[in-house]
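Shown below, as structure tokens, is a lone chain in the form predicted on its own; questions about how it binds or moves come after it.
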Amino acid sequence: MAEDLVLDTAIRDWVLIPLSVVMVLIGVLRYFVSKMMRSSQTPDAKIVKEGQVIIRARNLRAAANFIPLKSFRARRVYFSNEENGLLHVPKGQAPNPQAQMFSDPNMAMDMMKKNLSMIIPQTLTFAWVNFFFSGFVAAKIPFPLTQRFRSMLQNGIDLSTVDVSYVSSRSWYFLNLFGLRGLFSLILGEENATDDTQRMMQMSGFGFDPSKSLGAEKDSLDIVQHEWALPKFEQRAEAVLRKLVS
């Protein structure tokens, strides 16, 4: 039988609120520190050109039915020609994003700075929480939960008699670590919000491969079925007018 606990108000004032405020301040500080450490890079002209080609090909697919068939075929050959098409990437000439990253010292240095700006504050904050607030029951969730949430909400408390809805201080730290994206979006803006989940996913990546995007766009453009819509506009307008008049 789970026991109901009466939480002291001092825990709220000296554990729950300070921990939440510190997590928010560290997130904001980490954003500005990473922004200062970020080096200004000149965009690669080849990557910018390939991105513009992809955008133009997508616009052609979206507006394919509003140009004549001859014009559409000429534009599609211009993009997807096997010899000199803009979307065609010859075999063996596709760039290796891993080799490109390790060959560029600035890219590797920026990646290391991003990782350090995430790992060091998290390590220090977790050590601070584990040293000062370990073993505290910091909050209680106002609705019942199943036993599967015990390991997530009661990290650091080895008592099976405590109800699952109680949250330990260490678990409150992890909830703040991965759940403050909405607050950072309001403070720093949607594009500048600090999201540790996305950063952890980016740590295992090795960069963007534009050749795959070019190949995918080429395949999508090749399977487009053209159906010129302009000659049918008069019939459509007549049908709409007949519905309005009748």
Partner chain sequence: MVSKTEEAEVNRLESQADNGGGGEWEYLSLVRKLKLRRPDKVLKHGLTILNDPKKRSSLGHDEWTLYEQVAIAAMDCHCLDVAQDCIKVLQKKFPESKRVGRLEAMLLEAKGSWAEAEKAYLSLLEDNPLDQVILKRRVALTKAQGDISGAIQRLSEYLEVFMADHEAWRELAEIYVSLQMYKQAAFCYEELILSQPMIPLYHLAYADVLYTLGGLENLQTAKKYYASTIDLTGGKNNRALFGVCLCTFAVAQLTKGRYKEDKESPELQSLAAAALEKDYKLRAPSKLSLLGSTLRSLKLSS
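We call the rigid core whatever largest set of C-alpha positions still superposes within 1.5 Å between the two forms. Positions refer to the first chain, counted from 1. Because the structure is predicted, anything quoted here is derived from the model rather than measured.
What follows is about the form predicted together with the partner chain, which we do not show.
Judged against the partner chain in the predicted bound form with a 4.5 angstroms heavy atom cut-off, the residues Ala63, Phe233 and Leu241 are in contact without exception.
Contact with the partner chain, judged by heavy atoms within 4.5 Å in the predicted bound form, is confined among 172 to 180, 140 to 148, 70 to 78, 126 to 134 to 70 to 78. In the predicted bound form, none of the heavy atoms of Trp14 sits within 4.5 Å of a heavy atom of the partner chain. Leu25 falls outside the set of residues with a heavy atom inside 4.5 Å of the partner chain in the predicted bound form. Using a 4.5 angstroms limit between non-hydrogen atoms, Ala45 touches the partner chain in the predicted bound form. Among residues of the shown chain, Lys49 is one whose heavy atoms approach the partner chain to within 4.5 Å in the predicted bound form. With the partner removed from view, the residue among Ile55, Met36, Leu29, Leu186 that has a non-hydrogen atom within 4.5 Å of the partner chain in the predicted bound form turns out to be Ile55. None of Ala237, Ile223, Val21, Ala10 but one reaches within 4.5 angstroms of the partner chain in the predicted bound form through a heavy atom, and that residue is Ala237. The rigid-core alignment places the CA of Ala237 2 Å or more apart between the shown form and the other one.
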